Structure formats: C-alpha cells, structure tokens
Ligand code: BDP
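Single chain ahead, by itself, as structure tokens, in the form predicted alone.
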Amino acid sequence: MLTRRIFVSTAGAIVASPAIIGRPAAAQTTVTLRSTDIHPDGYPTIDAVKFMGQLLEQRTSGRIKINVFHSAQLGQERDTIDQTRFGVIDMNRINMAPFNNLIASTNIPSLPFIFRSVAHMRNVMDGAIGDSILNDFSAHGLVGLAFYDSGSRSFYNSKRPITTPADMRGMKIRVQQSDMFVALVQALGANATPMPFGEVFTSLQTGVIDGAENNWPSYESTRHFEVAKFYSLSEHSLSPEVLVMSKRSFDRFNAADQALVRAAAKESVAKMRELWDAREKASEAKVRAGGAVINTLEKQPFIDAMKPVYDRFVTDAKMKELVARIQALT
C-alpha cells in the first residue's frame, strides 16, 4: 500500500514524498529544524545544539538535522519566544528571565542566591525539580527539552568597584527584560534599566547605563569589559538557561522521533557543560589580562537585601514548596 507523508518544513514549504508503510526511516522526508540563539558562533550553547544535531543526524540516518542561527540572526531573545510558540522557529536556546512573566515556575531558579554552588544548581535542574519546570512549558506552546548552564552572574560597571549594596545606589544597571531582575536591582538601591542584550555595549559606551550583570563568557565575548572595567563577584544568580522546542514542530514527529529528540537534547547538556567550564576559565583569564578590575565582596548583605524579592515572587504554595525542596537538596 502506497501512502504519502506530508511534512511542513520550517521554511513554510509543504513537502510531499511517497513512502511505503514499513519502509526504513532513511527513506522518509528530511527535516531541518531551525534553532536560534543570541550568542556568537563558537559559544558553548551554540556548539551544544550543533552537537545535538549531530546526534540526531547520526541516529536517523540524516532524516533529522538542526541548523543553528547564532548571533541573534533571527532576533533578540524576547522577540523569538512567540515565533517559537507558533512554530516559525523550531528550537530556541533562551535565558530563563524572559519566561519569568509567562511561566511562573521559571521564577524559582531565577531567584537571587537560590543556588549555593554550580554543583547544587546542576543537581537540582537535572532531577525531578528541573523536570517539573520543563513540563510547565507545555501549556504555552513549547516543549522544554533541557537546561544549560549560564554560569554565575555578577555586577559590572564603569564607575567603581561594588563591595556593599550602598555602592550601587543610584547606578543605572541594565537588566534582562524580567520583573524579577528589575526587582533584584531595585532592592540593592540601583536603577534597573531593562533592555535587549544587543544594546548593552553601546549603552555602556555612551553612558546611557552605568553597568550591567552577567557571567564571565558574556562579559568577555561582548567586550563589555572594555567599557565597564569594574567586575564585582556578587554571583547573585546561577539561573540556568533553557532549550525549548515549538510544540507545533515537536508534534509533527512520531513518538519514536520525539524520544530521539528528547534524548539528544539531554545528552547535549554534558557537552555544553564541558565546553562551558573550559570557556568560563578562558574568558576570566582574558578579562583579567585585558585590565578589568576584579573584586570579591561579602555576600550576606546582598542576600539580606533580597527578602522583598522573595516576598514578591514566591507567593503560592507550589512555589514555596519548590524553594524549600531546592534549599533541602545538597
């Protein structure tokens, strides 16, 4: 019996190919998924998704491939969320913060100082708590595939070292477009300025903002350290990033292929972390060699200042339970 498989490609074209039921998978239509990321080519998240694509291509004899669009070629993070929900973009590596106002549970790993260490964060996000948060994406047209590391985020600015919250008073600090990150910076006495990541360098250079907050690789790869040389190790956030897929795109696959996609995404996490750990060390060395002024600080006053943030964003029983479970894990 001859049938025809109809598949809508990511470019919007309808591809029809005859297939005999029971014919090997290699004879089926080739699907190339479009994946987006704001980071430059060679960044750990980019290479991790490419690695995922290699796994899928090998395991499907070339039927499923991934084309990674780096450097915000398809838009800034917030701009690409709806495109992914509607299937215009198939996959998206995106920071947790832009989801905070859409998916309540994503606020929990975004909370300041919620994780005690990188090992603690990985243990939480690799387990049942992480799976629970990934499941919450399904109600919003997305399939949560995996969490990637985003390092420890610290404050940097063009004015002075930050050693106490008082040093931040009055500073204009760029934050992600997230109510939580606005509240975090405001709790420290600074003026939060939400803006897309791609606008930060020019805004620092021209004095539109005084500073921002991010991890070592982002601070280095964007050359922010050249225009904001004071990097203060607050390490206020260890929030991971998330790899999601459009539910519309995911649902076009049969159950076996869906399982392959999920497995490849999970396996890409180990690759990402291997690349991330090496990149983080290299970026820190480059920043230090480039003349940035690095200082440590006493974290407890910053932690104490976060109570209003927790009071505002940890409001219902489910969220309070998640916080308690995270804090109880080693």
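Source: prediction; values computed, not measured. Sequential numbering from 1, following the sequence displayed.
Beyond what is shown, the protein has a form predicted together with beta-D-glucopyranuronic acid (BDP); the following relates to that form.
Just one of 89-97, 250-258, 130-138, 160-168 has heavy atoms within 4.5 Å of beta-D-glucopyranuronic acid (BDP) in the predicted complex; which? Contact criterion met by 89-97 only.
H39, R174 and N214 all contacting beta-D-glucopyranuronic acid (BDP) in the predicted complex, non-hydrogen atom within 4.5 Å: Checking in the predicted complex: H39, R174 and N214 are all within 4.5 Å of beta-D-glucopyranuronic acid (BDP).
Which residue, D210, E77, E220, E235, has a heavy atom that falls within 4.5 Å of beta-D-glucopyranuronic acid (BDP) in the predicted complex? Answer to the contact question: E77.
Just one of R122, R153, R85, K229 has a heavy atom within 4.5 angstroms of beta-D-glucopyranuronic acid (BDP) in the predicted complex, so which one? Contact check passes for R153.
My question is simply whether F197 lines the interface with beta-D-glucopyranuronic acid (BDP) in the predicted complex - judged by any non-hydrogen atom within 4.5 Å. F197 belongs to the contact set for beta-D-glucopyranuronic acid (BDP).
Within 231-251, which residues come within 4.5 Å of beta-D-glucopyranuronic acid (BDP) in the predicted complex, counting heavy atoms only? Contacting residue: only E241.
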